[in-house]
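Taking the form predicted on its own, here's one chain by itself in structure tokens.
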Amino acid sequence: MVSARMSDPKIWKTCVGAMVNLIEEAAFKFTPAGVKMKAMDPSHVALVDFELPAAAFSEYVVKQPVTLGINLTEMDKILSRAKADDELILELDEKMNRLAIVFKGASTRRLSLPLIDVREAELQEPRIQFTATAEILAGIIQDGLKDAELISDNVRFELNDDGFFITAEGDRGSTELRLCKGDKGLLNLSVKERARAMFNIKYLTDMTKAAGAADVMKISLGTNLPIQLDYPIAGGVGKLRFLLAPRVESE
């Protein structure tokens, strides 16, 4: 049996909206402790790691662990029908092999999504020795990426004692975003050692697209290492994490 109820559908909607930019299908593991999902994008450049504990739901009933294969593209379309004051209910229909998605507000609307076979892979999150972290307003990162996209396909992120920097260079010119200590958008900065690496702009844009401008994202960085982006979800009790491999810079 799977029955999960959320008073705020935005939590699930935002998470799916962020994931669907990178992966079309996912295997969600519903256990008595909560929901987990970990998957690589088709090119194996990016990793999505999602966890939402039972405490994040207003009601949560899962008696035995079950894995549900879901087409995220189709689920995202259904979730777009949620209204701000709706309650979201997820229910497994074992007989029909479908996941019911119920919006309960001024009326009760019930849609269903066929479950699919998704090959599960045991993915171990890489242990990366990051040398710098920062907590930054998502809107600032989004602005820096939009600027860089005008110039190049790749963008360089840097964290140092002075702050956070996004730069891009190409035949069409260059861009730079500076976020220094004391600036409102830089909420926290911890630097053991200066860190900088280059990444594909499209992947970073997809990872940050679902965030609101005022949302806080945590960036973990090391020189020429993958970048880790963490969204705080459900008041900080849940986890939505992205890892993206760096681009190799020519000397």
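Note that residue numbering follows the sequence shown and begins at 1. The structure presented is a predicted model; accordingly, all values stated were derived computationally and were not measured.
There is another form of the same protein, the form predicted in complex with another copy of the chain; it is not shown, and what comes next is about it.
Undergrad: Hey, in the predicted complex, is S112 touching another copy of the chain, heavy atoms inside 4.5 Å?
TA: Contact with another copy of the chain, yes.
Undergrad: Flag R156 as yes or no: does it have a non-hydrogen atom within 4.5 angstroms of any non-hydrogen atom of another copy of the chain in the predicted complex?
TA: Because no heavy atom of R156 falls inside 4.5 Å of another copy of the chain in the predicted complex, the answer is no.
Undergrad: Would I140 count as a contact of another copy of the chain in the predicted complex, using a 4.5 angstroms cut-off between non-hydrogen atoms?
TA: I140: contacts another copy of the chain in the predicted complex.
Undergrad: With a cut-off of 4.5 Å between heavy atoms, is T175 one of the residues that contacts another copy of the chain in the predicted complex?
TA: Yes.
Undergrad: So in the predicted complex, are E74, K146 and E169 all sitting within 4.5 Å of another copy of the chain, heavy atoms only?
TA: Checking in the predicted complex: E74, K146 and E169 are all within 4.5 Å of another copy of the chain.
Undergrad: Between 178-216 and another copy of the chain in the predicted complex, list the residues on our side with a heavy atom within 4.5 Å.
TA: Residues within 4.5 Å: R178, L179, D183.
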